[in-house]
Every structure is written in structure tokens, then in C-alpha cells.
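Below, in C-alpha cells: the form predicted on its own, a single chain.
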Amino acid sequence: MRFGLSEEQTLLADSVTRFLADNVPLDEVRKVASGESSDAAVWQGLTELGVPGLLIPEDHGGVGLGSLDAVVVADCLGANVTPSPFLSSAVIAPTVLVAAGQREDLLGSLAGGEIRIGTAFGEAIGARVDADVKVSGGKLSGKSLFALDTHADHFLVATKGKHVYLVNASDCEVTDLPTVDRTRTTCEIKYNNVAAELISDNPDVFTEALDRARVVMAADTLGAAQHMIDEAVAYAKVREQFNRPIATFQAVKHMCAQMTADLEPCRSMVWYAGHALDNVPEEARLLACHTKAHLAEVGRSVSKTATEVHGGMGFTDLLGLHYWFKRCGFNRQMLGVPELVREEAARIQGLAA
């Protein structure tokens, strides 16, 4: 029995990686992060590769692949700190619309990159003192914080009861709300009796989308952390002190070895979590929680150690290592911090009320 990616998935990863290497160099990432450019051109290129339609059925204009394929792509995007709305438009939105069987007319436009759908799920995951969403008579009022994709055409908004509504971005007051990770946009959305279409009142639809998003985000962290290890090892081989490469120092060897030992088991964990989403439903929810939480912790540890290997150079924009560091930090916080996600896992296992 073979445990690993299929030939098709390996070719998919190679295609995405080649595109990113040719079209999204670090200088382009800097421009997007600084606001000089947007992620529109990157997303158009990924659209030509079929990335937005990965999880959309073929009869709706998509590619019709599965969660593990989305995990493979997310790994590549994280490794290149790619600016894109992949998590919201290619993962969460298609999952909700397909699972709910609503507004399937939007799926073709999503797959073709003609529209982008952002997501505001924060209020259904963890209560915030200064944000809440109320629904009355098919109208939304209130505020969402840290919604994904400032440039979206529509937003899927989840309430505390895990009901999901679709709103037009043009009907809302959308304000950019930057985080440490400037490669992906987040925003504050204010609703003033905004017309909202009920997409799903079934909490299972919200949960399915959240689980898939958490595993994909863990894969993004995996890719970012692996890149930081590779950069640390490469730097240690050429940086010299006392007329010898620092890679020959035992302390530096131990740091690099420890990072690799911590991260490598995460690869099979992420792959299996992606596989379970579509094939082992009885394990999928618990695996999604543990995978998101564990990669958040390992990602933070690896990003910190890799920066230390670089010494003072690790903090400079010349190397740009901080983009991957911040990517791991953003992924740790978004869609549930490790403590909250582990609490959910404990409830699933009956270990907490």
C-alpha cells in the first residue's frame, strides 16, 4: 500500500510551484504587501491553472477535485507566501454553496475567477465584545471583524447560530483591517439593515466549511515553515564566522535538525487530515481541529528558530524572511487559536462540557 500523493497531485504541485516561481517573486509579494499592487494578477494566473475551481464540481464549471488536492495547492501557496483569496474564494465559499445546494449559479463565476466571495466567520467561531451580527426580516445589522478578502464582490456571513448568509459587498461598509500578514487582506464589515440571502441554516454546512478551511490553512503553514527551514539551512552553509560556515557549528546543526524533526511528521498529518475530509467523515472533525492547532504551534516554533539561525539578517526586508514568519502568525490566529480549537476537540471527544 502506498501512503503519499498520487502522480496527478504531484504534477499539480509542480505546475503551481512553477507558476509561482515565474510570476510571483519576492519583489511582487513586497508590492502587494505595501499596497503598490493588488493580488488580482496573481489570482488571474492561478485561475488559468484552474485553482479557484478545484473544489467545484465539473458540471458547474470547476475541476471537481477533493480536499487533499486543495491541501497540496495550499502547501505551494504558503511556501511562496502567495497573495491570493484562495482560502475564501476557492475553499470556504465553494464548500458552503455546494453543501447547502444554494446559489449554485455563482459556482461557475467563482471557478472562472469572475467573482470573489469573502467570508466573515469570526462571530460564529469566537465571540467578540466589539462585533456581532443580528438578523431580522432578512436584513443584517451589526459588524464583522477580520473578514477574509477586502476586495470580494460578495461575502458569506455566519451568525453565532452558524447560519450562513450571502450579502453583496457593495451594500456594506467595508474597511480594510490590516493584520501582520499583508499578503492577504482582511476587513471590517458594517451592516446597516443590509439585504441578506439565507444560504444555510444547518450548522453542519458551516462546520464542514470550517473544517476544510482549517486543514487548508494548516497546509499553508506547512509550506511556509518548510520554506523557512530551507532558507535557514542554505544561509547557514554560506554564512561564515571564525573562517568557517556556521552550518558546521553544533548548535546551528541542532537548531536545523530540531526544526526538521518537528515539521516532517506534520506533512503526513496534514495529508491524512485532507484525505479524511472526503473519505473518513467520522474522523474528519477531530483531525481538522488537531491539525490546525498542532501546525499553529509548530509553525510558530519553526519561524522563530529559522529567524534566529539568520541572526540579525533574519529581521531585514532584504531577505524577506519576515513575510513567511508573519504568514505563520496569521494562520495561527485566523479561524481559531490553538487553545480554542483544542477545546473544540475536547468537546468532540466528550472530554469537556
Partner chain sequence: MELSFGPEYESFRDEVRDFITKHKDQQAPSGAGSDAGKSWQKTLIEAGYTARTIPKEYGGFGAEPDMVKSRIINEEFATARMPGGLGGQGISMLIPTLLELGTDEQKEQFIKPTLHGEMVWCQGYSEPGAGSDLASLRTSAVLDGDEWVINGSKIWTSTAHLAHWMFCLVRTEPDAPKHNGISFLLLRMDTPGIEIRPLVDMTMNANFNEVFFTDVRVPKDQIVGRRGQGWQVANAILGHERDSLADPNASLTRLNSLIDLMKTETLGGERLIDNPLYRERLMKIQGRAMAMRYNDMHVLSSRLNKDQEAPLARMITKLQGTELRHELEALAIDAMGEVGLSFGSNPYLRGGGSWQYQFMYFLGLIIGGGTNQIQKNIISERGLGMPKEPKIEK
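Numbering follows the first chain given and starts at 1. On a predicted model such as this, the values are computed, not experimentally measured, just so you know.
Beyond the structure shown, there is the form predicted in complex with the partner chain, which is absent from this document and is the topic of what follows.
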- Item | Option touching the partner chain, based on a heavy atom within 4.5 Å in the model of the complex, out of 192, 248, 241, 170 | 248
- Item | Contact residue in the model of the complex, from 207, 260, 109, 179 (heavy atom within 4.5 Å of the partner chain) | 260
- Is the partner chain in the model of the complex near all of 132, 300 and 310, within 4.5 Å of a heavy atom of each? no
- Message: Among the candidate stretches 54-62, 25-33, 283-291, 41-49, which one is within 4.5 Å of the partner chain in the model of the complex when only heavy atoms are counted?
- Response: 283-291
- Query: Though only this chain appears here, would residue 146 touch the partner chain in the model of the complex if you measure heavy atom gaps against 4.5 Å?
  - Reply: no
- Message: Using a 4.5 angstroms cut-off on non-hydrogen atoms, would residue 14 count as touching the partner chain in the model of the complex?
- Response: no
- Query: Using heavy atoms and a 4.5 Å limit, would one call residue 121 a contact residue for the partner chain in the model of the complex?
  - Reply: no
- Message: At 4.5 Å between heavy atoms, is residue 265 in contact with the partner chain in the model of the complex?
- Response: yes
- Query: Listed by sequence position, which residues of 316-353 have a non-hydrogen atom within 4.5 angstroms of the partner chain in the model of the complex?
  - Reply: 339, 342, 343, 345, 346, 349, 351, 352
